[in-house]
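The form predicted alone is given below as one chain in structure tokens.
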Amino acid sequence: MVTKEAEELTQICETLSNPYLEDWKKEGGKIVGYACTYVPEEIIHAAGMLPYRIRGTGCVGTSLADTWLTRIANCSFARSILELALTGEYDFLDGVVFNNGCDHTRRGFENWKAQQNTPSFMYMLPVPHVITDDGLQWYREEVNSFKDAMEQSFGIEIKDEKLKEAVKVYNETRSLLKQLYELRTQKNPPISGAETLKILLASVSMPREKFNQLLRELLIEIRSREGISDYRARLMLVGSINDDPELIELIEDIGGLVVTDSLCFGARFFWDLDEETGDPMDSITARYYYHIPCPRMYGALPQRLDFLMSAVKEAAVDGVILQSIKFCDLHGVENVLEQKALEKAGIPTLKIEREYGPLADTGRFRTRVQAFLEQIGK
């Protein structure tokens, strides 16, 4: 039996908009879209607005975006976001915040900003590319500037009291999602990788307090499930951005069960908590700066490998799929390094390049995964 909470949380990801966003707008609320895990959601939340993670859901072609962001050497995720912006699918946003995560998304932002009828608040948040004490201070100053820009643009004041409230709300989300991931480490996990991703997508697409309520109730139901036992291998998914549950469903339909991940729509975006004492801006800044780093952070491969190896052990992973979107230089290079480290540790790997979302060659992906399962004897 599908519970009300499971149905609500797993259906939200199917479209860009959803009833929660529509109700929020009807009540006069503002929505600010952001495109990376280095953009502090708590600041947007403390401003009384709804943070919304921008993605390319529903994009089936990039003909308009390709005139601004060529198909040659630009990833299909960045082009898909720009396409949806150009076709008006993101007109419900009152503001947009990107950061210099990679050249592809940054150029996508610049081309979006150059269009007519864009949101009045279009902001680029610079983030250092190294993890050092000096880098933290720089990032702190940039986050302060972002906060000031929001206050000036929207005519509001973001008070410390509201920031502290936001910290508690977002820490609850992270703690609940960790409980969800812990359930996946069981021998017979009570939840699939595809359903988990749908829940993660809901968390960044609706009012956070409502999400927390639904997930608290859903966790009770999930713990009562019998568990999944008819799988061939326990897999970990690593690499480029993936907000497409169908990609994981493809893996799980042929017997691979995705029991953990290292993805920016997965563990990397929620794993670490804010400190709930002291200056909330210091706490928020430190958490986002030091959270599990993505490949954009130069010299942080050891931290990423530590997290990857720990997740492999805790979830009893049989094999790791390292996927990268075509032209994603950061993850393309990173996956080679991680593959060498994993295979040195005796962990089977599959490295594969793909296109984003509906643009992907699913037949080829399925064949490669099927061969991988057979290769590892599963």
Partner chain sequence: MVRTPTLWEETAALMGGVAALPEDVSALEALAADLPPDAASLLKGFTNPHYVKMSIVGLKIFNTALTSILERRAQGKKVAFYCFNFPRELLDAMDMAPVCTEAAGIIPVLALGCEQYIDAPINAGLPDSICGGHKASVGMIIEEAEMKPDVIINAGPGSCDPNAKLHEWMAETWEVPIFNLDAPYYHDERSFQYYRREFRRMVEGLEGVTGQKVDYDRLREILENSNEQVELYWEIQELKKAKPYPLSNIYCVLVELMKYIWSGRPEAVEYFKIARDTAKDLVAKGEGAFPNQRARTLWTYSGVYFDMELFRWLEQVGVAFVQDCFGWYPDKVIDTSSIDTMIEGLADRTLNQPMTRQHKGAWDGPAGWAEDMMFLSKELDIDACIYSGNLACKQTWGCLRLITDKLKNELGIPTLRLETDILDKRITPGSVIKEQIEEFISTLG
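Numbering follows the first chain given and starts at 1. Computed from a prediction, not measured in an experiment: that's the story for all the values here.
The following text describes the form predicted in complex with the partner chain, which does not appear among the structures shown.
K.L.:
Would you mind picking out the stretch of 278 to 286, 203 to 211, 119 to 127, 249 to 257 that comes within 4.5 angstroms of the partner chain in the predicted complex, counting non-hydrogen atoms?
P.N.:
Stretch 119 to 127 is the one.
K.L.:
Taking Arg304, Phe327 and Lys340 as a possible spot, do all three reach the partner chain in the predicted complex with a heavy atom inside 4.5 Å?
P.N.:
Judged in the predicted complex, Arg304, Phe327 and Lys340 all sit within 4.5 Å of the partner chain.
K.L.:
How about Lys351 - does it come within 4.5 Å of the partner chain in the predicted complex, if we only consider non-hydrogen atoms?
P.N.:
So Lys351 counts as contacting the partner chain.
K.L.:
Would Phe92 count as a contact of the partner chain in the predicted complex, using a 4.5 angstroms cut-off between non-hydrogen atoms?
P.N.:
Flag for Phe92 set to no.
K.L.:
Is Cys102 close enough to touch the partner chain in the predicted complex, meaning at least one heavy atom pair within 4.5 Å?
P.N.:
Output for Cys102 is yes: heavy atoms within 4.5 Å of the partner chain.
K.L.:
Spell out, yes or no, whether the shortest heavy atom distance between Glu142 and the partner chain in the predicted complex is within 4.5 Å.
P.N.:
Answer yes; at least one heavy atom of Glu142 falls within 4.5 Å of the partner chain in the predicted complex.
K.L.:
Find the only residue in Asn74, Ser262, Thr196, Asn242 having a heavy atom within 4.5 Å of the partner chain in the predicted complex.
P.N.:
Comparing distances to the partner chain in the predicted complex, the residue within 4.5 Å is Asn74.
K.L.:
So the partner chain isn't shown here. In the predicted complex, which residue out of Arg174, Arg107, Lys147, Arg232 has a non-hydrogen atom within 4.5 Å of it?
P.N.:
Exactly one listed residue reaches within 4.5 Å, namely Arg107.
K.L.:
Go through 60 to 95 residue by residue and record those having a heavy atom within 4.5 Å of the partner chain in the predicted complex; state none if no residue qualifies.
P.N.:
Residues within 4.5 Å: Thr67, Trp68, Leu69, Thr70, Ile72, Ala73, Asn74.
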